[in-house]
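A lone chain, given as structure tokens: the form predicted alone.
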């Protein structure tokens, strides 16, 4: 059968037009945009007054908002606030929050930081946030200086009878008494006491050694309640009810079986940044722990923290602006990438990079996975609408705070878009 040439050409052209149309639909749209007014002001301030290197900004206006949101909840629940030092690892930052929040309660997770805390906050009450190796505790006592009194102001968190035996031996060798807070497994399943038999063994050891051990309370950490677990595993209300049922069980057991150890001054610690709000509903615990929520990095963009605002940003200058993306060895063939994706038509090399962070401003910036990540001069691509030039700042939001805040030297505190203070971080 002879092929109808006109129909054949029409079919080919139609198919070509269809492919072009599909390609147009698949092509990335322009995600770029210039600075918002907020970041434009910060960019101008940093270009005038900043060190022109990667730095970590703390916005005090936004931090104040978050502190006040936490304290409103804490007051509604009739509790105390304990600040999580590892998430706010700067004495100046901690002191600022302590003053506004009106608390001297800290939670420490790292022996060198604990020694810093004891010096910087001599009137504080410190609860360990994890069981440290007994040798770490010994090093703390060997290097401790100042007026902070561990026998009154420090609570060691312990999780097993074997661990408690080690700390008892340390107390005996030091000729001192250790305050012991017992870690409870209230559903996180990351260790801690999970039955009353083990709890009874620990409490009996404490009761039998009053010269060297003092029962200080419980810690039941429950961040999963506010992290948004899949609904099939239970709602936040259902998970919270299970948490409080377990916590209440251990409290009731202690009151009934070890009444001589129980008193009103015990620390009944609970919560975490994702779950602190829900504890307004219960009256068993005496305090909630909060840290990361004060700064709200991206991993804490949670429904439970909707009242909080981001208060920490990485800022780093643009070192080079080289136009459309170019990949080594591809040379001129790299034009395909910028032809296809308008968001690769501008290339910037920033000071540093490869942080645990997400690009925030200008909008639409992205790392180049084909070129590769760099901690020295990272390639960042965007469209022409981002409007960046050399020496302008790229802003990112950390995904977390506890390690990221330690990577930039002194924290830079800003208020109203102006640098007002610098705070050293822990070392």
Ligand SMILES: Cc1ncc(COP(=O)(O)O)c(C=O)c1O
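Numbering follows the first chain given and starts at 1. Values in this document were obtained by computation on a predicted structure and should not be read as measured data.
Here the subject shifts to the form predicted together with this ligand, a form of this protein not shown in this document.
- Which one of 118, 74, 182, 271 is close to this ligand in the model of the complex, taking close to mean a heavy atom within 4.5 Å? It is 271.
- Sole residue of 250, 167, 300, 351 within 4.5 Å of this ligand in the model of the complex, by heavy atom: None of the others qualify; the residue that does is 300.
- Query: With the partner removed from view, which of 239-247, 254-262, 174-182, 102-110 is the stretch that lies within 4.5 Å of this ligand in the model of the complex, judged by heavy atom distances?
  - Reply: After filtering at 4.5 Å, what remains is 102-110.
- Can you check whether residue 290 is within 4.5 Å of this ligand in the model of the complex, heavy atom basis? Judged by the heavy-atom cut-off of 4.5 Å, residue 290 is in contact with this ligand in the model of the complex.
- Does residue 89 make contact with this ligand in the model of the complex, using a 4.5 Å heavy atom cut-off? Heavy-atom contact with this ligand at 4.5 Å: absent for residue 89.
- 4.5 Å heavy atom contact, residue 226 and this ligand in the model of the complex: Close contact is absent here: in the model of the complex, residue 226 is far from this ligand, nothing within 4.5 Å, heavy atoms only.
- Message: in the model of the complex, does residue 333 come within 4.5 Å of this ligand, counting heavy atoms only?
- Response: Contact check for residue 333: no, nothing within 4.5 Å of this ligand in the model of the complex.
- Item | Members of 58-85 lying within 4.5 angstroms of this ligand, judged by heavy atom, in the model of the complex | The one in contact is 84.
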